[in-house]
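Take a look at this single chain, the form predicted on its own, given in structure tokens.
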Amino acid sequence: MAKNVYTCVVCPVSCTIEVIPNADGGFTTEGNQCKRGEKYAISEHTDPVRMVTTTVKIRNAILPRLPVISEGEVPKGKLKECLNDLYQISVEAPVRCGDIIVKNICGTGVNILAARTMKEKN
């Protein structure tokens, strides 16, 4: 059976974990030192997700870019599409930290939030 190897990022131990598919459709893991590592590796194998962090253009602000972050994780396969959409938008100052910049980015059900407050230019 095929084995897939992942380096766990849940804690500083960074276990090397093998995910081995079982005949019943489940998975067995080897190399993890905790249940959190097992959960991470199986999730990474079956449905990898990522947080989105980047910047977007902002008009009439004290700085030219506004840092943004996703409210939750998006499917890894949609990450590039999400980033491409974010690179195309521009928001108007002022913006408060936590404001929704994009609702339901790329149909993922995840909102993109302002990661800092940005005042208007004087």
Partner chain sequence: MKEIKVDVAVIGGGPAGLAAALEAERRGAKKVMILERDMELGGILQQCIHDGFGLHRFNARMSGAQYAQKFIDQLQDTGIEVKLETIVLDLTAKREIYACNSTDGMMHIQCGAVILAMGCRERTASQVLIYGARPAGVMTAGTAQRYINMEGYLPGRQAVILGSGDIGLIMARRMTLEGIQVKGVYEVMPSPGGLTRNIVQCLDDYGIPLHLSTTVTRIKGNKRVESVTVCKVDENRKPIPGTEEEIPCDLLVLAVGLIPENELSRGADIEMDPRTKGPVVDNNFMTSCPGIFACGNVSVVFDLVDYVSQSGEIAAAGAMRYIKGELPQCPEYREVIPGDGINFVVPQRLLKDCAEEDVTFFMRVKKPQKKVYLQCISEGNIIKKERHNSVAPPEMLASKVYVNGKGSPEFRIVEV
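All of these numbers come straight from a predicted model, not from anything done at the bench. Numbering follows the first chain given and starts at 1.
One more form of this protein should be noted, the form predicted in complex with its partner chain, which is absent from this view; the next part is about it.
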Original post:
Are P12, I69 and K76 jointly within 4.5 Å of its partner chain in the predicted complex, each by at least one heavy atom?
Top reply: yes
**OP:** Evaluate H45 for contact with its partner chain in the predicted complex, applying a 4.5 angstroms cut-off between non-hydrogen atoms, and reply yes or no.
**Re:** no
**OP:** May I ask you to check whether L83 falls inside a 4.5 Å heavy atom distance of its partner chain in the predicted complex?
**Re:** yes
Original post:
Does any heavy atom of T54 come within 4.5 Å of a heavy atom of its partner chain in the predicted complex?
Top reply: yes
**OP:** Spell out, yes or no, whether the shortest heavy atom distance between A93 and its partner chain in the predicted complex is within 4.5 Å.
**Re:** no
**OP:** Determine the residues of 85 to 122 with a heavy atom within 4.5 Å of its partner chain in the predicted complex and present them in sequence order; the list may be empty.
**Re:** Y87, R96, C97, A115, R116, T117
